[in-house]
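What follows is one chain in structure tokens, specifically the form predicted alone.
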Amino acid sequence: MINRSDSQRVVITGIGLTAPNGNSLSDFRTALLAGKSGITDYEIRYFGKTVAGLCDFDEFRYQKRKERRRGTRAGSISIWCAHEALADAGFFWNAGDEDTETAWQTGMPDRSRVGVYIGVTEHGNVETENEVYNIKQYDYDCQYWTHHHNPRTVANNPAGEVTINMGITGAHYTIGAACAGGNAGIIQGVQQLLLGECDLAFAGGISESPGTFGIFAAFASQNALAHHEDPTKASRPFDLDRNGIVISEGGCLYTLERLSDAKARGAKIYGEIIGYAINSDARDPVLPYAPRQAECIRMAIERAGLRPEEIDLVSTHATATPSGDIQEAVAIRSVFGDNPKVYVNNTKSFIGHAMGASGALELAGNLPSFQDRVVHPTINLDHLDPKCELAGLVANTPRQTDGIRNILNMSFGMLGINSVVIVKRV
């Protein structure tokens, strides 16, 4: 373990999330331990019937209806997660105050020293599809195209909507990192804190993907879209009968702080981010590559000052595509060997693939393991693919352990982007 001063250590002090099977960490964790899926039947125009993971949170708890009409689903998810994370971190926000300047209470960090860093897979497609669909009834006359379209579709929209809603005047941007976006957002928040660019970071990832038919059509054309007569069994990572991805929405933002600041205000701490890495396959737009994934895992472990055997829990990315799961299993085995004490699980089996939100949500679902010493399982794992065999894979029922010290969270994405974040129990 590398010794650093408290001002050079970054910790998680708040978590705000919405997932297809829960709108708080407590509810999310309860669902994961109970084997409760959030996947349901779904139908979208031009594509038809399919399955998806959809969130059900109160969009108007932190937004007025006019603000929601002007904004986006991605922005609404982001605003929900940011407010929930802030409250969870122990900061008081006066949500009833019309003035965001006075709502930002004494005792909170200077709002110019707060950064918002949100990972995304894609943004703006749903808004463009909706506008094209709407003007169809007017013979595609563009005078009926909404004047809200540009601010809705710019890449920084989800993070920008948070700053407007909350009166944050520090830096904000989104990180386009495909399905590695959630981890990339966390890494960006850590780096900005260590550089002294902010004192509080909202960091993580969000996704609004089920709103656009294009993503369903694209995965279907690749023969990579999951189907099952029971939607709750459609997402089947590592299973021999897996047949593709379940597209989901969701979000998870963390409040990140330097340990010195968290200690000074007596904050609760979920864990310390002690290692991370991002690299590229540089090979194929879609197909993953196990050697580069393994390299990314090793880089993160080395930066954390750990050995592979000191990782207690590996949270996998596995999306339930035939080749993707195999490549990931190869990468895991090449780093950890056949060590049954390195537990391995998967969260997409419960919630589907929440794209840019996936890495952040999957980490959140595992963080309670530090306290309860339980590893949530991978569900729908009825017939393990022999090529995906992993010594410590937790299947279908939770596993009680002697304790979890270090969690390694993996997320990989198109164009060959790989990301890893390691969190230590504090």
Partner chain sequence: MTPAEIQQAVQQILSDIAPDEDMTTLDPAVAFREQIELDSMDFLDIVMELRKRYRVQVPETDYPKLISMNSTVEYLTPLMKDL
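Positions refer to the first chain, counted from 1. Just so we're clear, the structure is a prediction, and the values are computed from it rather than from any experiment.
Absent from the display: the form predicted together with its partner chain. The rest refers to it.
Asker: Just one of 383, 69, 61, 49 has a heavy atom within 4.5 angstroms of its partner chain in the predicted complex, so which one?
Answerer: Checking each option against its partner chain in the predicted complex, the one that comes within 4.5 Å is 69.
Asker: By the heavy atom within 4.5 Å rule, which residue out of 145, 92, 173, 133 makes contact with its partner chain in the predicted complex?
Answerer: That would be 145.
Asker: Going by heavy atoms within 4.5 Å, which of 313-321, 350-358, 202-210, 148-156 lines up against its partner chain in the predicted complex?
Answerer: Only one stretch passes the 4.5 Å heavy-atom test: 148-156.
Asker: Answer yes if any heavy atom of residue 65 is within 4.5 Å of a heavy atom of its partner chain in the predicted complex; otherwise answer no.
Answerer: It does: once its partner chain is placed as it appears in the predicted complex, residue 65 has a heavy atom within 4.5 Å of it.
Asker: Does any heavy atom of residue 138 come within 4.5 Å of a heavy atom of its partner chain in the predicted complex?
Answerer: Heavy-atom contact with its partner chain at 4.5 Å: present for residue 138.
Asker: For 298-330: residues with a non-hydrogen atom within 4.5 angstroms of its partner chain in the predicted complex?
Answerer: Residues within 4.5 Å: none.
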